[in-house]
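One chain comes next, on its own, written as structure tokens: the form predicted alone.
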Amino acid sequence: MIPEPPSLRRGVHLLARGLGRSFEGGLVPAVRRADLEVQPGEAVAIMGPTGCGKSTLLAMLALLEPPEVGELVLDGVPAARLGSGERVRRELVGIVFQFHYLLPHLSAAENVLLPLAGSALSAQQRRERVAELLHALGLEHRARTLAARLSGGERQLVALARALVNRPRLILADEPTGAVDSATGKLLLDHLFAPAGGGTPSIVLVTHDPAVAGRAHRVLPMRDGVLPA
């Protein structure tokens, strides 16, 4: 069972011990060893050159890629005991990718609604939560616009709203400002670090930009697939 969050959704305590992952039958090591601890409500930025394993590490933290070695623990519970990765992402984790991955045939609001499928919220509550996020991001006038017709910056902001709509206790962000202009990037980061709905999520952020990393409490270097504790 995923631990029940308190009424004010605080961040999770994340502990990764010796995570490792390779591809092509072990011929391509992506993450050799990653040791990471994130306190509830703490924001940690990971910096390193392209190809050092940052995105693979985030995928393991999101339970999108299973680690071949090591252990991931959330709030004292090993990830292997938390149920399916899909359930963990639905109830606990929000992911902001470098590219938006919106469904082009759905509207902005419909894309944001997707993670709420199967939630305990009523239809009205779901609509209100989506409207709240789109309003906070200045996109209420684009709610019914198909994702295919949004600008690149608008798409990334909609993707952020989609990641935040479940009010996650852990946010994982992979170069979230890498494909937007500076004004949109600032807006995105402001809402990433202070999301609508209250609470203080834990954040693990991957970036090449020192200014973005400077928004975090700590900055950790990653190189050659190794992240020190």
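Treat the numbers as computed from the prediction; the structure is a model and nothing was measured. Quick note: we count residues from 1 along the sequence shown, nothing fancier.
Although not depicted, the form predicted together with a small molecule is the subject of the following passage.
Peer 1: Of the residues Leu187, Leu36, Ile171, Ala30, which one places a heavy atom within 4.5 Å of the small molecule in the predicted complex?
Peer 2: Checked against the cut-off, the match is Ala30.
Peer 1: At the 4.5 Å heavy atom threshold, is Arg162 in contact with the small molecule in the predicted complex?
Peer 2: Residue-level check for Arg162: no, no contact with the small molecule.
Peer 1: Decide whether Glu175 counts as a contact residue for the small molecule in the predicted complex under a heavy atom distance cut-off of 4.5 Å.
Peer 2: Yes - in the predicted complex, heavy atoms of Glu175 and the small molecule come within 4.5 Å of each other.
Peer 1: With heavy atoms only and a cut-off of 4.5 Å, decide whether Ala45 touches the small molecule in the predicted complex.
Peer 2: Heavy-atom contact with the small molecule at 4.5 Å: absent for Ala45.
Peer 1: With heavy atoms only and a cut-off of 4.5 Å, decide whether Ser107 touches the small molecule in the predicted complex.
Peer 2: Taking the distances in the predicted complex, the answer for Ser107 is no, it never comes within 4.5 Å of the small molecule.
Peer 1: Any idea which of 46 to 54, 163 to 171, 178 to 186, 66 to 74 reaches within 4.5 Å of the small molecule in the predicted complex, heavy atoms considered?
Peer 2: Only one stretch qualifies here: 46 to 54.
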